[in-house]
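Shown here is one chain on its own, the form predicted on its own, set out as structure tokens.
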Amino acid sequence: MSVLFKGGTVVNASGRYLADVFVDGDTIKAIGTDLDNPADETVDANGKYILPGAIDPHTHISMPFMGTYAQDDYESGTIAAACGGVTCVVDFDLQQKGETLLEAIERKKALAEGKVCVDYSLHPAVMDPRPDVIAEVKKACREYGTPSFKIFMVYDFRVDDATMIQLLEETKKYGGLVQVHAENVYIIQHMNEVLEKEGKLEPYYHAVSRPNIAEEEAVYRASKMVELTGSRIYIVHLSSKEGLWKVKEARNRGVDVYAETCPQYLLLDEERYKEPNWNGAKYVMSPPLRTKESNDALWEGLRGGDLQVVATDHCPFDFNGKKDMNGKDDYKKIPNGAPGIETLLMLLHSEGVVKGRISLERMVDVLSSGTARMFGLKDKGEIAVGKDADILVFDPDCKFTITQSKLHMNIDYTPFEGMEVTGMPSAVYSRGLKVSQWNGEQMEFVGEVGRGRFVKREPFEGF
């Protein structure tokens, strides 16, 4: 299958220019003006952008949590991704007690087999850090193609500082990258006890129970472990201005601390928890939504380069039947997580680029090029000869009102209901095959279920 994209504006992190793009098979074969390569399909991209497909490196597909499972499986989750312009997903793979990292990876790959619609990879989450598991980091980096490792500083499966140091030392040797959910568990436990005694158990108090200082302290402590070891770390879903300050302080000292944020932390604030009829439960996620002041600080961090990636933390639980499965009388019983894989690109373009908060090239960097570089996706993230033909034809003027009924995620709500966005994909290609297209009212999936493949990633090479 060959495709010739004619007359679009090619946009990479380094700049933009008018060009044609020729794709044959899975890869980009030529870029130039007035290309006349014979092609099975010719796409008129005049007046539109030709973008590299977005990469979402933070998803939780079919994840067990709080007595239930995240509702998107690899079919529904990657159909939603394709319809949002996400052409590669790096999903978290939570190691179970007694498993090796390889066993965890193979277990999750089996769930994806025959279902996944765009390319994917996995981050093993180290939940059972036995000595043999720590020693397996070398193979994960060099053989398994999974050189990034998630750890938690919260929940019952958190790791202690000694384990964090061990992982930082091992990943430093072999080109691995430790990713950390940074919140201080003892601050949260204390606040939970205080609020329970006071009878403050509505969804709003989920945010109160996880104050900014819990993230600030954990980011600071993690950065000190990096400073000690000379390694590197990646803070997932950074949410607060105080956490960002600690990232900036560390980076200004030359410490390799990287960070991502998510659309919810850029666009929503803690007032959402006060919505009537228990609607605030829709936004119960960890870390929680913060203040408008933190929203603004994170946009500034994104613009200035202190944040390297925007991801989603896609973790969907139905409002009816899952969020309320353990009752409505205690925020601590509400499954933590919200959907977002399909709305990532449209929100960042509309709220970021259109509103002048970031440039178009910066958007491509934090959604594609920089993400590919951070996580060793050497064939992804750029419109360039030899790269995978993960290509978006993107209409910067197309209007769309986000509503759950026109999205594809397997969930009964979206946190961004009713938000009007400017800019939508016209067509989305994954390795040269069209997987979704705009039908005049919404995106529709036109790809092949099961065509997505597991991508082995390269060890970290510096950023």
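Heads up: residue numbers just count along the shown sequence, starting at 1. This structure is a prediction, so every number in the text was calculated from the model and none was measured.
Just so you know, the form predicted in complex with a small molecule exists too; it's not on screen, but the next bit is about it.
Identify, from the list Ser231, Asn212, Asn336, Gln71, the residue with a heavy atom within 4.5 Å of the small molecule in the predicted complex.
By the 4.5 Å heavy-atom cutoff, the listed residue in contact is Asn336.
Using a 4.5 Å cut on heavy atoms, which of Lys248, Arg272, Lys108, His237 is close to the small molecule in the predicted complex?
That would be His237.
Any chance Trp278 has a heavy atom within 4.5 Å of the small molecule in the predicted complex?
No.
Mark Ser286 yes when one of its heavy atoms lies within 4.5 Å of a heavy atom of the small molecule in the predicted complex, and no otherwise.
Flag for Ser286 set to yes.
Counting only non-hydrogen atoms and a 4.5 angstroms cut-off, does Cys315 reach the small molecule in the predicted complex?
Although the small molecule is absent here, Cys315 would touch it in the predicted complex, with heavy atoms inside 4.5 Å.
Within a 4.5 Å heavy atom cut-off, is Tyr174 in contact with the small molecule in the predicted complex?
Answer no; every heavy atom of Tyr174 is more than 4.5 Å from the small molecule in the predicted complex.
Could you tell me which of 144-152, 350-358, 131-139, 74-82 sits within 4.5 Å of the small molecule in the predicted complex, going by non-hydrogen atoms?
Contact criterion met by 144-152 only.
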